[in-house]
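Taking the form predicted alone, here's one chain by itself in structure tokens.
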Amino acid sequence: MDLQALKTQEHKRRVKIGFMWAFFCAILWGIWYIPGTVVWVLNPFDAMYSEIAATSGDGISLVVTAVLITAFNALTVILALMVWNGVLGKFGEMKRTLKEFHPCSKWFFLAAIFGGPMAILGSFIAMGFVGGAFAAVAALMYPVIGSILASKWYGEKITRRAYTGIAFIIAGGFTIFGGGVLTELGTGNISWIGYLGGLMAAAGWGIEGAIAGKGLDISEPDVSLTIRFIAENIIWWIIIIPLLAIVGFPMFKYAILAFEPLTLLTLIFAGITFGFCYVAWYKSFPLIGVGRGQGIGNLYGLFAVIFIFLFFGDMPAWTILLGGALCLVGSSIMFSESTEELESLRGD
């Protein structure tokens, strides 16, 4: 076998692995919405919501409670990632990457800002106001933001076929998202804050993906992701939660009360599924690009709807089924993209 044939074979293997990581991300991401929905009705978060709502109103209460839930989600994710990196023996690489702040780790601190207080918080807000299924599909527009930013910022190449697949996936997202809005319009009771949370998730994850793609040019995905969640935990536990406590919200009181068995198990389940979903997401970017990694990862919306239906017994509306079908078509288009088109992820 000559050198060119070996190069072609290695390239096809790289692309196949990249798509597998993105697909694995979608499955785990979809599972995450089960504990993410359940945690809202567990102590102490239900009690926290009731106490704050009595003095500050339902909207503020739900947002503040979502902050504490998101902070615990970040905490359990970083614990899972530390175990993962320990097994892989990558603590030395993590130390080296942290030291290289300006050329490398600064990108993951920036990614944490858009991924945590914007995207993940927005998703939890959408879960609390609208529900898990709608929270999942509300963010399905994020590959558009991520792929456009990656293309304009550092020249990531997006083929016509890839754009076509992303367009189908986004159409599926709009079908499911728009169906929920139209249903609530009929009742005259629209949870606007919940839909705003969904838009926060879409924008935040799209921007984070583009930023992470830039940082991953010179760093290792497992280590980079861990640094990103270290930064998010700093944002929540050292900055935002103490500030809310100073304002007068009972943040630390309910943070301590959260250490009860069922709540901890739910949070750990969320941390493991979300942590390794992120591992797969970050690993896909250097292999197939931000736009394609986000496009295939976008199947999480369909998986979330399926898992929520199986777990909670909620029958999906026809708009959800149609939107899910469009997502499958879009992903099939992207999967069928020729590996020769992906030989170079960056434009000339």
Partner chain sequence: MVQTEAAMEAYNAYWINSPLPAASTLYMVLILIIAILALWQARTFVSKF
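If you're wondering where the values come from, they're calculated on a predicted model, not measured in any experiment. Positions refer to the first chain, counted from 1.
Below, we refer to the form predicted in complex with its partner chain, which is not included among the displayed structures.
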(message) Counting any non-hydrogen atom inside 4.5 Å, which residue from 317, 53, 42, 63 sits next to its partner chain in the model of the complex?
(response) 42
(message) Under a 4.5 angstroms heavy atom criterion, identify the one residue in 249, 114, 276, 168 near its partner chain in the model of the complex.
(response) 276
(message) Is residue 243 part of the interface with its partner chain in the model of the complex - any heavy atom within 4.5 Å?
(response) no
(message) Residue-level contact is defined here as any heavy atom of the residue lying within 4.5 Å of its partner chain in the model of the complex; does residue 196 satisfy this criterion?
(response) no
(request) With heavy atoms only and a cut-off of 4.5 Å, decide whether residue 49 touches its partner chain in the model of the complex. (result) no
(message) Residue-level contact is defined here as any heavy atom of the residue lying within 4.5 Å of its partner chain in the model of the complex; does residue 174 satisfy this criterion?
(response) no
(request) Please name which of the stretches 27-35, 317-325, 293-301, 53-61 has residues with heavy atoms lying within 4.5 Å of its partner chain in the model of the complex. (result) 27-35
(message) Just to make sure I understand: among 48-64, which residues lie within 4.5 Å of its partner chain in the model of the complex, judging by heavy atoms?
(response) none
